[in-house]
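In structure tokens, one chain follows: the form predicted alone.
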Amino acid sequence: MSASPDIPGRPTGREPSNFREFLSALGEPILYLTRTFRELIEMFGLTLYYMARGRTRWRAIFEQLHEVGNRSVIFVAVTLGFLGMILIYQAGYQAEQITGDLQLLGGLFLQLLLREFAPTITAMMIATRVATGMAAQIGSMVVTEQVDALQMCAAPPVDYLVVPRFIATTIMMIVLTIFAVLVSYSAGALTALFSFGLNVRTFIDLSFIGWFDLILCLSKALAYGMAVPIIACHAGLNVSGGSEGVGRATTNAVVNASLAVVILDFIITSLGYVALSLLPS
């Protein structure tokens, strides 16, 4: 029997298949993001639970403090130092062209550093260097079945692998952010001196800084410091497929951690300005 011809306007056997493929392609990323977000929340809750039990392994924490902090100092100093020089040169050049007044350059730059650049750029640097290391290290342990051995010894991987990295990264993110402010502001002051002849005493202006700027800066550093290790360790613990899986985990760790920094930056900044608008003037 020959096949019946298609009738115009009537769904053929192929259209529902294409529609299902379209829905599948549309829904798969949403399901992946939803599942990943739920697993991250669960890991964050487990991390806080094991921290509350009080079994602190100080040696592992100090090793991670050295890994996250000491080995990131040069990286952060060079990046934020050059960023400070570039911003001051660009802002100073524009100010000279428009008003010729550079008196407010240092004060406004410090406010911008505290509110945005110092915590966010530092978190991006840590997400690039530290998150990849954490994901690769834990992923290699998964591939070589060391994580399975921990579980067989009744040692929860979150307690032994995630908690020290979580504590160390949270502490060092705050320390490195303060360090980044000092380095970037000092580099900006020297650029203003040698490029525009602006006196350092004039550049150092704290009149624009208030409690809101300090709280916003430290809140961002705290949030980034908690988010980056959770995302990196989650990527490492979910490695599958051998060495290729470790490579995918490091890529996912960097991408997801950077995306989390941007989203948290938007949320905290928005909440901060809403809270500021509600305060009595």
Partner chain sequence: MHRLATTLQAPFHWLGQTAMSWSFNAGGLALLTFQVLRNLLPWRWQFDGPETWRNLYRVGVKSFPIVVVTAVLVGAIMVIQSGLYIEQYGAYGLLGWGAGYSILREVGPILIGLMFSGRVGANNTAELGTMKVTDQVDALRALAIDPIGYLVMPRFIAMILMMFLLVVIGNFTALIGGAITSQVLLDVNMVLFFQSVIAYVLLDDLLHGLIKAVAFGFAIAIISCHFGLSTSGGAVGVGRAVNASVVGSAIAIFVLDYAITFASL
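Residue numbers count along the first chain shown, from 1. Since the model is a prediction, treat every value here as computed from it, not as a measurement.
The form predicted together with its partner chain is left out here; the points below concern that form.
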#### Entry: is_contact(T251, its partner chain) in the model of the complex, heavy atom dist at most 4.5 Å
yes
### Query
Taking 4.5 angstroms as the cut-off for heavy atoms, does V255 touch its partner chain in the model of the complex?
yes
### Message
I'd like to know whether Q103 contacts its partner chain in the model of the complex, with contact meaning heavy atoms within 4.5 angstroms.
### Response
no
### Query
How about Q90: is it within 4.5 Å of its partner chain in the model of the complex, going by heavy atoms?
yes
### Summary
in the model of the complex, the residue from F117, Y185, Y160, F179 with a non-hydrogen atom within 4.5 Å of its partner chain is F117
### Listed residue (M125, L198, I174, V142) with a non-hydrogen atom within 4.5 angstroms of its partner chain in the model of the complex
M125
### Message
Among the candidate stretches 165-173, 148-156, 199-207, 76-84, which one is within 4.5 Å of its partner chain in the model of the complex when only heavy atoms are counted?
### Response
76-84
### Task
Any residue of 95-121 with a heavy atom within 4.5 Å of its partner chain in the model of the complex counts; write them all down in order.
I98, L108, Q111, L112, R115, E116, F117, I121
